[in-house]
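Just one chain follows, in the form predicted alone, and it is written as structure tokens.
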């Protein structure tokens, strides 16, 4: 059986392999002129779009390109999974979208606004990020930590309104951490801390959420739970979630679209089933002793040759 015909089920995770993502493509037309329509004919502006984007870093005004010719287009309400080996440029791409790094060439947009021209305030209203660095929050309570997500909306005195408190409470409820609101952040387990960081991003109430390796430091059940949470954010809160992950198997089963950056720093976007059969995952991850099998959708040890 092929991956497209009979995907291997992961308990607790819906099997989306084979379902073409709605509104996703790798067109290279300028995004400023493109308008999509949803299932009932309403105009839909892409939440994310890139045209000939190059990423890397700029040193002494000289661009050092890591990945070039990045093209994608995503309409709201999808789960995008970004995979690739260490050092390929995944975090660089996320930081470029988040505005932490300037693009080296090309252009990209967030909700129709050019990413390189967004102010800090505008960007804070469009996207929220959770990066994989460990955070030490001292004796802040869970509620106080999540409240940081509401500060883009507070007044000059940073006072929380009843509306802010409602968003904090809803975010904690959504990630299953409502009963921990008075616990100190430092007393939580790694999995609980990750959920609280995600709640902070959810409380920011942005249409786009970016998670950089949220399953790092977590055990297997917690990793599955993070992907289930991403699906809930899309289904119940109408978010678009971009998640960078090393969980290729889970990404194949849950994502609407897969982004791959391989060892040669080449970018490819498409539906998980198409990407799985394209050879892109093998080019990104295969080793002399391990190879990706597109039939089963999993990695297997290579048979030693005499």
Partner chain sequence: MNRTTRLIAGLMGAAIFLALVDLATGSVRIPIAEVWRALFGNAQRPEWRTILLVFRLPKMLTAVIAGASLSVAGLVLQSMFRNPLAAPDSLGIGAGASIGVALLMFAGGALGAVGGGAQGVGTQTSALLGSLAPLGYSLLIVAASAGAAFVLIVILFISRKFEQAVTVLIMGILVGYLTSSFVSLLVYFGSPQKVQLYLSWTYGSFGGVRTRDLPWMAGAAVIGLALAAIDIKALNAFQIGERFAFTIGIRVRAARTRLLIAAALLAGTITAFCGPIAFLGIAAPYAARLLAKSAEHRHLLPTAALTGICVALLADVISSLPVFGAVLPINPVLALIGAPLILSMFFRRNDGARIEAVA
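All values reported here derive from a predicted model rather than from experimental measurement. Positions refer to the first chain, counted from 1.
Omitted here: the form predicted together with the partner chain. The next part is about that form.
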| query | finding |
| --- | --- |
| The partner chain in the predicted complex: contacting segment from 71-79, 214-222, 167-175, 121-129, heavy atom within 4.5 Å | 121-129 |
| 4.5 Å heavy atom contact, residue 144 and the partner chain in the predicted complex | yes |
| Touches the partner chain in the predicted complex: residue 235 (any heavy atom, 4.5 Å) | no |
| Partner contact for residue 188 in the predicted complex: the partner chain, 4.5 angstroms, heavy atom | no |
| Contact of residue 204 with the partner chain in the predicted complex (heavy atom, 4.5 Å) | yes |
| Selected contact from 229, 208, 137, 88, since only one has a non-hydrogen atom within 4.5 angstroms of the partner chain in the predicted complex | 137 |
| The partner chain in the predicted complex - contacting residues of 94-121, heavy atom within 4.5 Å | 95, 98, 99, 100, 119, 120, 121 |
